[in-house]
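Quick setup: one chain, the form predicted on its own, written in structure tokens, and binding and motion questions come after.
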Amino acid sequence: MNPTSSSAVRVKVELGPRSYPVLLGDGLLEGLGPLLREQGMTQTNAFVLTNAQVGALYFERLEAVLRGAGFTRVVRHELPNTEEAKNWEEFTKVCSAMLEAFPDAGAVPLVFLLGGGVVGDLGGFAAGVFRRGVPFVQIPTTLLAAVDSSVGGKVAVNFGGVKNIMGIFNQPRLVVCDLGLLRTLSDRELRSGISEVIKYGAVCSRALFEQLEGDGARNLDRLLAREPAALIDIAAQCVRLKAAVVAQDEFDKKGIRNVLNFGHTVGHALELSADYALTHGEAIAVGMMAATRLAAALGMVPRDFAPRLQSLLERAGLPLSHRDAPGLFERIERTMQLDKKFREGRNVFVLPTGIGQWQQREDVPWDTVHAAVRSVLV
């Protein structure tokens, strides 16, 4: 399939000289070579970062495409296939592997990030600091990465018990979302990605939220069934929403980009504190419920919001709460205190005010926050 054909959806992330296209479709991987050259990427050295599971499925296909496009050297490096792999040690291993493979300053590689959010986040960070920055291409293989983490340039690793605390802003040259690659994704990881889709609808787009609710629940069912047309349509909507936010607040200085963190303050803290017993999307689902209850306690959100959100999350097979354990609340509380949005000792929460609407609230009384967190620990 030609990735520039009408069967593919193209979304441009408008960032002036750092602008780039995001392509979404089914069967795009085989057309990657001509697209790279069309986008002005003339390199003949490639560094492919992936993990063992994804690499076993798709590396050879990608390598054949790159060889056919004139790449004379294709180096493969794998990360462990866990969220815990997004750490400083693995980051330094990737940097070392790039230096070992390409010690000559004239042999600049084009970096390909073939995987989910861990590969994309860590790899984009490594590409940004290796030789003060080399170009990279995102090839997300999970729904979560396709609709969220592969777009926008936030790349980071976890460090010191804090999620994404060490990182930079580094935009890719190209994002290719071949949604056909999702056929090998586990049901649990697919649902994890749908959590981020629901997030976009809940605070960014009433139309998307109502589409997921609509047609007798069949729209969400089509997504769960991995119907290509549904995947492309929904993923493209999410990418357009994120691209619009990023274009207004690329470096997260204006507060606009905070909307993308709905559910993430509690969700990130839970994900880390529960030692990754939940996937990222599962933790965000629980975090969205906590944030909604916090908004309700503050009188910010209509009564019908919580049941509608809960219904979508339940139909997607996502958790609304997590099993409590000794010390878990205290760990979540400590981790939340390190949230990157918190400034000058004031907490900051992204809270819904209606379907597709949100507001940032600072200095929320901690007893109210604690009650919302405890409500999702059962």
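The shown structure was predicted, so the numbers you read here are calculated from the model rather than taken from an experiment. The numbering used is simple: start at 1 and walk along the sequence shown.
Missing here is the form predicted together with a small molecule; even so, the following discussion is about that form.
With a 4.5 Å cutoff on heavy atoms, Leu57 counts as touching the small molecule in the model of the complex.
Put simply, Val134 is far from the small molecule in the model of the complex: not one heavy atom of it is within 4.5 Å.
By the criterion of a heavy atom within 4.5 Å, Leu185 is counted among the residues contacting the small molecule in the model of the complex. The closest heavy atom approach of Ser149 to the small molecule in the model of the complex falls within 4.5 Å. Residue-level contacts in the model of the complex: of Asn347, Gln43, Asn51, Thr353, one residue has a heavy atom within 4.5 Å of the small molecule, and it is Asn51.
Out of the listed residues Ala236, Leu144, Met289, Leu110, Leu144 is the one that sits within 4.5 Å of the small molecule in the model of the complex by at least one heavy atom. Using a 4.5 Å heavy atom cutoff, none of Glu30, Glu63 and His77 lies near the small molecule in the model of the complex.
The partner is not drawn, yet in the model of the complex one stretch among 99-107, 228-236, 201-209, 161-169 has residues with heavy atoms inside 4.5 Å of the small molecule: 161-169.
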